[in-house]
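Below you'll find only one chain, the form predicted on its own, shown as structure tokens.
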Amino acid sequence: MSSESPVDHGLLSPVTAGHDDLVSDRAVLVALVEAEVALVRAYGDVGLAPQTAVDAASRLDPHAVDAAALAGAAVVGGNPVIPLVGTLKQALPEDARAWLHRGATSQDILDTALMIVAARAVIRVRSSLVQTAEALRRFAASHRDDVVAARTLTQHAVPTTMGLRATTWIRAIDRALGRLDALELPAQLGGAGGTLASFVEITGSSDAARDLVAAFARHAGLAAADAPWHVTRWPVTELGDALVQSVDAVGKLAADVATLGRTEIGELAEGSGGGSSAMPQKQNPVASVLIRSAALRAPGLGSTLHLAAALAADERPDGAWHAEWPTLRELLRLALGASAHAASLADGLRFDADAAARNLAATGGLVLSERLSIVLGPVLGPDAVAGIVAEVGSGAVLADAVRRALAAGDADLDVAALLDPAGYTGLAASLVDEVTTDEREEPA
């Protein structure tokens, strides 16, 4: 038997390995202790707990608690707070024990701890997304005018630019950042049934109870909730939605890099690919693969959080609340890993202009068929462009076919300019500039 503790080290989740320290069991345990200490400090702020009790609670060491033993003890009561309170009280002087967990219910502490963990994780996810977006801005500016084939439903459609393609990634990431920035992560303090009756009784008045709630949130480093949210789970679902949107955004980046990095396309490549255990020639887009693995898992986790919120029965849910804990933790974990890999991917992303030009020319210029229809249709009639396309399909050179059609229709146009893909990219350049220039940060 292995002496190793039963902890998920990410062996089967390489996208999260090395990026999940903020959401480990130890991190959750630290946050649980911090939540308990925050309540004692709040009692000190409202003039009830003596300073000696506050000081003693502040010295509690979460690292002295055996996480594995705590997990085992949590089975009896259904959550880890019950055995934790007993463990922490034993570490306090007798005259300070009465103030630990006073008036609180287990959900108050656990919800608050998960919000503490989430707040720290969101800061790191946000930092990684900012790094990703800034690297992509540099990439988009560098390739602002590099023309490539746009693809719709897997097929060549019209010309676009590599810069514009990159801005679609940037805009999605910026939007996700906005969702993260708008999050409210509140502390939870409602007492046994969400009425705060225990806190009114202990403090002596409703105003003092509200002051206690505000002080608790402040010491926990969280927002003060307008009301207990034991069974109103918007803090969890809104957090989950923002995390899913963040993973979605980098998932789109990874999907495009993986697709455009295929051997037969070759327009993009990661800065350093991964090898194969059997095929030494391979340079696999490993970062993209890992990010995509997270993007495939995250939406289901977000859905579970909504399901749990919808089934949050009575004044404390019988299972739905419990289902949130590992779900939210795993979603945070995926967002941490995916965003970190995205930052590295974006920083090393490489564009192959020769491959892009080769692919753009693969249809013999028919990537400009839409433009030909718009320009030549009114001049030569609606059937003329269909005839030109048919000629090219039979091996004709597009420019020659266009000139023959113009001669037959007694029309004169600059064929070279008409068939220049760079002349049919619309607002691509200005759309790139909108997200890559300093002006983007100025208020409207």
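Worth saying up front: this structure is predicted, and the values here are computed from it rather than measured. Heads up: residue numbers just count along the shown sequence, starting at 1.
The same protein also exists as the form predicted together with a further copy of the same chain; that form is not shown, yet it is the one meant from here on.
**Prompt:** Can you check whether Gln90 is within 4.5 Å of a further copy of the same chain in the model of the complex, heavy atom basis?
**Reply:** Judged by the heavy-atom cut-off of 4.5 Å, Gln90 is well away from a further copy of the same chain in the model of the complex.
**Item:** Contact of Leu366 with a further copy of the same chain in the model of the complex (heavy atom, 4.5 Å)
**Value:** Leu366 belongs to the contact set for a further copy of the same chain.
**Prompt:** Any of the heavy atoms of Ala197 lying within 4.5 Å of a further copy of the same chain in the model of the complex?
**Reply:** Ala197 belongs to the contact set for a further copy of the same chain.
**Message:** Even though the partner isn't displayed, in the model of the complex is Gly163 close enough to a further copy of the same chain, meaning a heavy atom within 4.5 Å?
**Reply:** It does not: once a further copy of the same chain is placed as it appears in the model of the complex, Gly163 has no heavy atom within 4.5 Å of it.
**Item:** Listed range touching a further copy of the same chain, judged in the model of the complex by heavy atoms within 4.5 Å, from 215-223, 145-153, 125-133, 346-354
**Value:** Partner-contacting stretch among the options: 145-153.
**One residue of Val389, Leu380, Leu60, Ala396 in contact with a further copy of the same chain, assessed in the model of the complex (non-hydrogen atom, 4.5 angstroms)** = Of Val389, Leu380, Leu60, Ala396, the residue with a heavy atom within 4.5 Å of a further copy of the same chain in the model of the complex is Val389.
**Heavy atom within 4.5 Å of a further copy of the same chain in the model of the complex - qualifying residues of 305-321** = Result: His306, Leu307, Ala309, Ala310, Leu311, Ala312, Ala313, Asp314, Glu315, Arg316, Pro317, Asp318, Gly319, Ala320.
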